[in-house]
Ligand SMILES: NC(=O)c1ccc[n+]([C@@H]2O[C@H](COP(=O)([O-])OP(=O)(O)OC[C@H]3O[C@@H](n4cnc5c(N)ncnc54)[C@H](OP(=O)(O)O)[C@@H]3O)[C@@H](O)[C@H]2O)c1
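Shown below, as structure tokens, is a lone chain in the form predicted on its own; questions about how it binds or moves come after it.
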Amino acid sequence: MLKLGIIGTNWITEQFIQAAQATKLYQLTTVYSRHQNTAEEMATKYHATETFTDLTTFFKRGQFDVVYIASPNSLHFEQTRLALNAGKHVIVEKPAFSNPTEMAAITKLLAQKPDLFLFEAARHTYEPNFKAVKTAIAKLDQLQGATLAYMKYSSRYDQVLAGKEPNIFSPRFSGGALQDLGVYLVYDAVMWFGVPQAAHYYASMIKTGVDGKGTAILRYPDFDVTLIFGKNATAYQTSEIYGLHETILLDNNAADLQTVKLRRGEQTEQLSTPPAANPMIHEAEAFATMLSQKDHQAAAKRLQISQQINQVLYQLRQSAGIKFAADAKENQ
């Protein structure tokens, strides 16, 4: 059983802990939080045996094999670096890193530690319905593009309207719509259609200096893929993938794949299966399997995808003129 440490005590961390425990492949042992009471509350709730409020001590003394990192985006790089140097496997929430410079530095460090694993937690790409879409795309007579949407109003945008700068809308923390909900759609596009030849993002900027919503166009040799995402509005439109005579319909959004259908004229075929109650259980199982089997080949393939995602996100962000504090390090 894998001993699990966590960085972050928010809702997504709890969801991963619950998924990990449901697999019966992990045991939560160690909790890090900046605040002792928060760490203790999480440890008590999920039966962890140790808590830390100092990150260096967490990695030096913590009795865990793999760390799950769900901190603000800009902190992922340094926390991953510390973890690898401490001999810990890493599961880091998407987007793993702010730019290609950070990605390259971590990839280089990982190569120096051949026994360690690094996974970007793109949970929806491990779900059966995600794979069902990929299978259906391969069967289309002629792929002619797609429109993928994921736009959901964030309650933290209320803080922006009140003159504040929450982490998810802050360039200091590598925030914004692209780096949040947009990551799901970029993963969809790259894993379903490949790396685009060109990518451009038409961003709707907000006063904190990042994007609140926007539209990205990914250009492929024979078609385009349109991505529509945002955190300061809500969209209810269906995502679609276009064949010649048929269309694949994603009836919720392109990240929470509740229902997948293939429509040809008036005929509709159900392609999806009921999703798991906890959407992170499939990725938790996949990570544990790769770790237990020491499947470096499978992990290397996932790392390559993470590198591609990082590059496309950066290209989109650069086209929109969105700059992060983390980018200043690129010229140092």
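The structure presented is a predicted model; accordingly, all values stated were derived computationally and were not measured. All residue numbers refer to positions in the sequence shown, first residue = 1.
Omitted from view is the form predicted together with the ligand, to which the following refers.
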Counting any non-hydrogen atom inside 4.5 Å, which residue from F173, F77, Y201, Y157 sits next to the ligand in the model of the complex? F173
I need to confirm a contact call. Of A288, A70, I281, A48, which residue comes within 4.5 Å of the ligand in the model of the complex, counting heavy atoms only? A70
Residue stretch of 102-110, 245-253, 132-140, 89-97 approaching the ligand in the model of the complex, non-hydrogen atom distance within 4.5 Å: 89-97
Even though the ligand is not shown here, does D180 get within 4.5 Å of it in the model of the complex, heavy atoms only? yes
Any of the heavy atoms of Q27 lying within 4.5 Å of the ligand in the model of the complex? no
A121: heavy atom within 4.5 Å of the ligand in the model of the complex? yes
4.5 Å heavy atom contact, N167 and the ligand in the model of the complex: yes
Pick out the residues of 1-24 whose heavy atoms come within 4.5 Å of the ligand in the model of the complex. G8, T9, N10, W11, I12
